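The data below hold one chain only, encoded as structure tokens and taken in the form predicted on its own.
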């Protein structure tokens, strides 16, 4: 997993509430076992709407998504996080997330940043003209327009994101202890 410490760039000002994983990636794309290519299918139902932000060239390649409350609700499909990562999303900012989605995002190197609704509303406006910076070191979201918002994040998740450690890397780091245990117990 790629280390995520500072994310700077345009932010897609989506803002919808209660976006479930079916909206993020439709059920027709769940049969794949690869993560590659899912980004082009992300938000297909939204992309079918005229004037949607996902097809706006101003936000092409944006590493940040600003969403509404309860983002990622619905099923527990990890494909939703895969699709976002394949789109190049490294951080999602919202007033709240489904717990399962937030866990899937973390396991796939995406920072789920919780800010109050007032801050999210402001960032939705600012994102139209300005880049944002998400800094995991000092746990802030900032804009060149003078906005600065502090956020909280689970310390373990934050450290893993900043180090680029997924569950496999964490397990491999414990390999000497695992091997010693196996030798001691004969397993």
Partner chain sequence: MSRAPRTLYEKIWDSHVVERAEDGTCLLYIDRHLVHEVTSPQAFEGLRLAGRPVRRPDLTLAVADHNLPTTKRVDANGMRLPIADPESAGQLAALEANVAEFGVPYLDADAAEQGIVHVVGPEQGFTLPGTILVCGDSHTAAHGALGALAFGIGTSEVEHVLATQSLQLKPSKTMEVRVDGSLGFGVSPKDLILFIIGRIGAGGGTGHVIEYRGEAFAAMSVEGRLTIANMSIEAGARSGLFAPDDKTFAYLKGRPMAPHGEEWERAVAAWRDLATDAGARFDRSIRFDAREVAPIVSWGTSPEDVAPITASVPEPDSFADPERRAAARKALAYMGLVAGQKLQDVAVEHIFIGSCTNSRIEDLRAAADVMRGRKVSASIRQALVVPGSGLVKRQAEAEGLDRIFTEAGFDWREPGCSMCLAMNPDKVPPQGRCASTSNRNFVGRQGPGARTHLLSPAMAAAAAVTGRLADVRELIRS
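Whichever C-alpha set is largest while still superposing within 1.5 Å between the two forms counts as the rigid core. Positions refer to the first chain, counted from 1. Model, not experiment: these values are computed from the prediction.
The same protein has a further form, the form predicted together with its partner chain, not shown here; the description that follows concerns it.
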- Message: With a cut-off of 4.5 Å between heavy atoms, is residue 136 one of the residues that contacts its partner chain in the predicted complex?
- Response: no
- Message: I'd like to check something about residue 32: if you look in the predicted complex, is any of its heavy atoms closer than or equal to 4.5 Å to a heavy atom of its partner chain?
- Response: yes
- Task: Determine whether any heavy atom of residue 128 comes within 4.5 Å of a heavy atom of its partner chain in the predicted complex, and answer yes or no.
- Result: no
- Quick one: does residue 45 come within 4.5 Å of its partner chain in the predicted complex, counting heavy atoms only? yes
- Name the stretch: of 144-152, 128-136, 34-42, 53-61, exactly one has residues whose heavy atoms fall within 4.5 Å of its partner chain in the predicted complex. 34-42
- Task: Taking its partner chain as it sits in the predicted complex, which residues of 140-170 have a non-hydrogen atom within 4.5 Å of it? Please list them.
- Result: 154, 155, 156, 166, 167, 168, 169
- Would you say residue 179 moves between the shown form and the other one, meaning its CA shifts by 2 Å or more once the core is fitted? yes
- Message: Once the core is aligned, does residue 163 move its Cα by at least 2 Å between the shown form and the other one?
- Response: no
